[in-house]
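Take a look at this one chain, the form predicted alone, written out in structure tokens.
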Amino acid sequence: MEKNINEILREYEALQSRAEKEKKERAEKIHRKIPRIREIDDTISRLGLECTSYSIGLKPSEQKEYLEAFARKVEKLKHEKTALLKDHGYPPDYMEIKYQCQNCSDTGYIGQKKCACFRQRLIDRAYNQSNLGSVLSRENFGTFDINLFPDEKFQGHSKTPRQNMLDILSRCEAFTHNFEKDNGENLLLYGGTGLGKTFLCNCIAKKLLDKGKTVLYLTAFKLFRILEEYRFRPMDAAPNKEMLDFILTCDLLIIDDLGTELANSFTNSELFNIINTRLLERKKTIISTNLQPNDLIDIYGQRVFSRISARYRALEFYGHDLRM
């Protein structure tokens, strides 16, 4: 984790240098093409230096009057500059510095806190190191093939697997479309193996990543291993504390294959803490599992079951294992 953080900080330094270089190149271009704008910029710089040195020796009342006059002069020059840019077909902010992230100005931090873009870069690195980045390029809404699902009735269900999957697909796309709405919607994807649950988790992850949301995908096994290392291995606490923060605060947490881990009092307690904390913080979560909803109460207890049953939309997957 520390290595990733240092590498990302170097990336931010490079982004800032590039933004400053591009701003300088745009300014030089405009100064060559519109000499009057060079004069305006030089005048604003000179006025700024004069203001700093001259206003120091003034009385408070005189200083206020002087600074107001200075602000009026600069504002008038800026209006002239904007008008000249517009007359020559350039946007008003053409000569301003363009940061990739306007929230943190490509520093990675807002005050003392990591910006969302920093956190997502850390998550993206975890994805790339786990090869999930290449998976998302293959498994997304654009590559979803509804024809893989049979259109014949299956074991007494009123809808065919294809009809059912069309409904699920619509729900998942609506979930991404309405993600920013404070509707408290979370998803529970359940059913047998090989029915498309993980594929749809990846579809949702890709769509929201493309929208600039922080998304963390973890299998249940990986999730509880991170929590175990954080709780019981102090030497590993620092990097895993960073990951624990992601787990609790990312825009979307995807817990895949819940039920494949070794369930015990520790996993049950931690799962409740994650689900409950994210509900309180109004952060959205998707859980996929091969278990039936009623199995959740037997394995994870009443507290976990009550949160999921009350606050998650359950989507059932059924049909034959597509991997077969």
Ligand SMILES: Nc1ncnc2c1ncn2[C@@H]1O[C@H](COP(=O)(O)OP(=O)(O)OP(=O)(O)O)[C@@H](O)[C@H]1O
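In this text, all values refer to a predicted model and were calculated from it rather than measured experimentally. One-based numbering along the sequence shown.
This protein has a second form, the form predicted in complex with the ligand, left out of what is shown; the following refers to that one.
Proximity to the ligand in the predicted bound form, defined as a heavy atom within 4.5 Å, singles out one entry of F179, F199, F154, Y94, which is F199. Interface residue among F246, Y99, F144, Y230 relative to the ligand in the predicted bound form, by the heavy atom within 4.5 Å criterion: F144. A residue is said to contact a partner when one of its heavy atoms sits within 4.5 Å of a partner heavy atom; G192 meets this definition for the ligand in the predicted bound form. The closest heavy atom approach of N268 to the ligand in the predicted bound form falls outside 4.5 Å. None of the heavy atoms of A174 is located within 4.5 Å of the ligand in the predicted bound form. L148 belongs to the set of residues with a heavy atom inside 4.5 Å of the ligand in the predicted bound form. By the 4.5 Å heavy atom rule, the three marked residues E139, D257 and L322 all count as contacting the ligand in the predicted bound form.
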